[in-house]
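This document starts with one chain, in the form predicted on its own, laid out as structure tokens.
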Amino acid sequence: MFDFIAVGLGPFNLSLACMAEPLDKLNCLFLDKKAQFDWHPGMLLQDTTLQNPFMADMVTLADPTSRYTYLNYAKQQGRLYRYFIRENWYLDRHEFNRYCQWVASQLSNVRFAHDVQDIRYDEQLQAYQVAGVNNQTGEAFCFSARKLVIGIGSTPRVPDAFNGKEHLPRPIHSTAYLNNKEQLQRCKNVTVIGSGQSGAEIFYDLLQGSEEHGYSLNWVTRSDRFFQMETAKLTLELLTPEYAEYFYGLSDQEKASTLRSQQSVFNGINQSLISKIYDHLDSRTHHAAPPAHLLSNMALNQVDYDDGQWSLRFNHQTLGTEFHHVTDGLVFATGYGYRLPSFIDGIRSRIRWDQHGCYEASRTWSVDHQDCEIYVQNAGLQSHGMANPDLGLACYRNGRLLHQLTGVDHYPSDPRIAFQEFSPGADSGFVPRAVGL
């Protein structure tokens, strides 16, 4: 009987595993169907970096003395002084993936190649039965646990215009970009849709090879511009526990409106990459190079495929004009959406659901009717705000989760992080008054 079982081993649950490992008398297990930790392998492009400083690793912000910190990893690899000399706060994606794989190899509470297929609640045992198959041996398994943490990650999202087009070839999503890069570079014309960080990285990568391979390139977004991610210090205070608490208390309508206004904070492009793209575009103007077009305000509203080419229709958001475009290669860098795993079916009645059929998470990320048995990771953007998917808040959330799971606050958080007061406090000198008085 485990105290809790966690399903999924992305960065958030891997962080939880690191923080749970040294705790005495805590018996927990982490399961993932993959053979090993591998973080977005289709987007492990050269010279691409995380958007969080290295301190947002698996455990530093909860316990900087832990053996699982990135700095200890660098020391064990004989690279600590090199990292010191580089003076670079931001890890590249390959390095972060290697670090996470190193962490996973140190942990005794993780099991890879364990595909969870069914979860049921046993009333007699008052425990959850987690069943599935070992992908390496083919053997069935079944474990019992008092509580659950579900962190299976998200699934690639395609534009609504592709819905109902299952008969068409599956377009390339950014998550599988590297596996299809050579195929794209054999095209005469390549179109990338989506202007977040992933879209920018793919466009820049293809831009660098367009002259050698001779393809023209298009980068299209429905946004009104290709915007830079906001990284001002006071803006980053929106990625704090105080703001997450404030956001949780807003109405659903206010939450949706607020998230739309914060796109440039969590969905923009970092400044260094924008500079590289601009400089490379400028250098191409001095010699004959295949065309490269950057198009904003273009919403995709129809997708078809015929004779090896994609036929796309866009509506210009401001002009109201429809445009038709034909392209050989197509990449959707359109982000990810949460998916409900099929193993949830067996415990669906024990979970709270909102009007959209999504988990209805409490302040403490519990989703069960008792508010103390089933918890979710990275499935609360709409309820907890943009701090929810941010790696910098992983240690904070996992500290709070372990408090809920064990009843002991093993990793107390700083009493206050933000200088801003998102709602005037009792000692602020701002006294609330009823509207109209």
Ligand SMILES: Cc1cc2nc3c(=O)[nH]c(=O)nc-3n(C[C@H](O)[C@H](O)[C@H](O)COP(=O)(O)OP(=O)(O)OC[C@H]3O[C@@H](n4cnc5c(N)ncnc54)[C@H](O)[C@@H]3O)c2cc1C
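Note that residue numbering begins at 1 and tracks the sequence as displayed. A quick note: this is a predicted structure, and the numbers were derived from the prediction, not measured.
This next part talks about the form predicted in complex with the named molecule, which is not shown.
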Worksheet item: Where, among 243 to 251, 204 to 212, 149 to 157, 68 to 76, do residues come within 4.5 Å of the named molecule in the model of the complex by heavy atom distance?
Response: 149 to 157
Worksheet entry | Residue contact check: residue 198 to the named molecule in the model of the complex, 4.5 Å heavy atom | yes
Worksheet entry | Interface membership of residue 347, the named molecule in the model of the complex, 4.5 Å heavy atom rule | no
Fill in: 4.5 Å heavy atom contact, residue 365 and the named molecule in the model of the complex
no
Worksheet item: If you check in the model of the complex, is residue 93 within 4.5 Å of the named molecule, heavy atoms only?
Response: yes
Worksheet item: Considering 404, 60, 52, 383, which brings a non-hydrogen atom within 4.5 Å of the named molecule in the model of the complex?
Response: 52
Fill in: Residues from 244 to 276 in contact with the named molecule (non-hydrogen atom within 4.5 Å) in the model of the complex
none
